[in-house]
Each structure stands twice: as structure tokens, then as C-alpha cells.
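A single chain comes next, written as C-alpha cells; it is the form predicted on its own.
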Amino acid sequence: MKYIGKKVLILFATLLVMSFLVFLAFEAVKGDAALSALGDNATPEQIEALREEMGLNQPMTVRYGKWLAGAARGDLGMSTNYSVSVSELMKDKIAVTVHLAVLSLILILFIGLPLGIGTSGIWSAGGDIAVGVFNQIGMAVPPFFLGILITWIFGLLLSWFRPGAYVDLSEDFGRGLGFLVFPALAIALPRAFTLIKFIRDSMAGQKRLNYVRTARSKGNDERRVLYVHMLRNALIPVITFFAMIVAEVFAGSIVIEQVFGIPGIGRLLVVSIANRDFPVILAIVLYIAVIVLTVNAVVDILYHILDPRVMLED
């Protein structure tokens, strides 16, 4: 219980610090939501009147305190660009991003785990070089370029989907899933190849340890040594690495959403930054922080399950 309480305390403390830093960062940036809403042709009097109405002329600490008090009640404020509550605005956008992220993670595991474990049994110099080159090519392709390539091949040439014609899963699950597979693939492939390399490197490190030589000396074949003795220990560091992938996928699909015209958090963040929509930006930053911190907590628990030697404070 003490460990869980510590994790919860760290979560809230981190969110508090991050929210304050976001306020501080935008305080240093010229321009605000009032100027963005009225445009460059607005008079100083008009800008000042709107700033007064929006409460932007108050000191930063006062505005932050008011926002913090509202956030404690579950009120993240009003979007200055859309004139609706931030919670209402983000509800549907988060659902879209989560659907894309979950599908991407499924593809990463579906591609990365079997290939990573399977190619770990290739110990010959030629095979190792071939797998290494294949891995490097897969990791080197940027997701946004891969997204453009997938759109051109599968969208324009083969017409397997209509680029930009996003369909919500709640409206038509089959068509929506058929569309999301392609951006999910653009997100998943480079990370799947990275996962393959990490698994191979982890397995190679285990291969040199004494317990592996002992297992072989007892007459176990290479397949049993690989899957029974090495795999469990090799996957422990992989969990931490995959946690980084999870956080990155949930937080980093901004460019892919732009490439495929997906109305998720990424597009909302880009528009909000352009319009100085601070409440929305802050909510998205906190969403990313919650994902990262939650994933880290889950990883600590999995470490304890997979390796009892990793002792957690009770």
C-alpha cells in the first residue's frame, strides 16, 4: 500500500509541475487567444476588451490557481477557440486517438514479438547480418513517410481505402477498422522493427550467461533452451522498452493523424497551438502525462511479477 500511495503521490506531483510549466511556457510566448481570435487588424482597445472578458489580463499565478481549482473539480475550463468545455471537446477526440493507438500496439506485438523471438534463434554470421540489415531499414523509415507511401499505394493505386475519409467505429465498425488499419500500420512498422532488434539483443545477452550453458550441458535442445530457459529472463528488460513504445504511441500519433486526416488529439493539438487555446493544450499535455505515468506504474508491477528479485516497497 505504501508503494501504491507513493506512485499516486508522484502522479499528482508530476501533473502539478507539468501544468505549471505549460502555463509558464505560454506566458513567455508572444500573443494570446484574444489576438488570435480577433486577428492582426483588431485595434488595441478591442484586444484589451476581449482579454478582459476572457480573464487573460490577470497575473499568470491567478489564472493558474483558478484553473487548478477547477481541475480539482473535474472542470478543465472552456476552449477559447471552440467556445465549448474542454472535457466535451476532448471526449470524442481521445476516443479516436485511443482506438488508433490500441490497434497500433496490437500490430506492434503481432509483428514484433514472433519475429523478434523467432529470429533470436539465428546465430550464423550471415543470418545475423541479414536480419540486422532488414531491421535497420525498417527502423529508419519515418512513420510520416511510411504513411504517405501507404496512402499512395493502398489508397490511390489499389483503392483499398479512401484517403481522408475517416469513418468512426461507432458509426460503422467494419469500415472504420478498415480505415484505421493503414495509419496504425504506419505507426506500428518502425516500432515493431525496433522491438525485434531489442528482443534479439536481449536474447543475445542471455545466451552468454552461465545458466544457458548449464541448460545445454543437461541435454536440452536449442529450441527448449531458447523458449523455456532464456525467453522469460530476456523479456524482463523488453517490458520497460515496450512501455516506452506504449507511451510514445499514445502520445505521438500527431503527424500520422495529419497525414491520414484523422480527427483525433493530434489534429486538435495542432489547431489549439495555432490559436493559443491554452485550456485545450493544457488538457492534452496532462492526458499525455497520465498515459506515461500510468504505463510506468504498470511496468513496475509487471517487473515484480516476472522477476521476484525486483523488490518493491510495501
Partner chain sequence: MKKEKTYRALSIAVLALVLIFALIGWIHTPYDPDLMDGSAKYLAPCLAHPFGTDKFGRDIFSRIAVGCGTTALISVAVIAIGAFFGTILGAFSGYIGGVFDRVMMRVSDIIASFPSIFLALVFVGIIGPGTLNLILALGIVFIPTFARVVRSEFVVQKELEYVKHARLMGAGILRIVFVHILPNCKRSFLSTLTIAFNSAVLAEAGMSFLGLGVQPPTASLGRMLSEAQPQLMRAPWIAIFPGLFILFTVLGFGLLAASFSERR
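Rigid core here is just the name for the largest C-alpha set that superposes within 1.5 Å across the two forms. Everything quoted here is computed from the prediction, not taken from an experiment. Residue numbers count along the first chain shown, from 1.
Below: the form predicted together with its partner chain, not depicted.
Stretch-level contact analysis of 175-183, 112-120, 138-146, 86-94 against its partner chain in the model of the complex, using heavy atoms and a 4.5 Å limit, identifies 138-146. For the chain shown alone, residue 133 is a contact residue for its partner chain in the model of the complex, at least one non-hydrogen atom being within 4.5 angstroms. Mapping the unseen interface onto this chain, residue 58 falls outside it, with no heavy atom inside 4.5 Å of its partner chain in the model of the complex.
Though the partner is left out of this view, residue 151 does reach within 4.5 Å of its partner chain in the model of the complex, counting heavy atoms only. Its partner chain in the model of the complex is not approached by residue 106, whose heavy atoms all lie more than 4.5 angstroms from it. Contact with its partner chain in the model of the complex holds for none of 16, 66 and 295, as no heavy atom of theirs lies within 4.5 Å. Within 4.5 angstroms of its partner chain in the model of the complex, the stretch 256-278 places a non-hydrogen atom from each of 258, 259, 269, 270, 273, 274, 276, 278, taken in sequence order. Once the rigid core is overlaid between this form and the one not shown, residue 18 counts among the residues whose Cα shifts by 2 Å or more.
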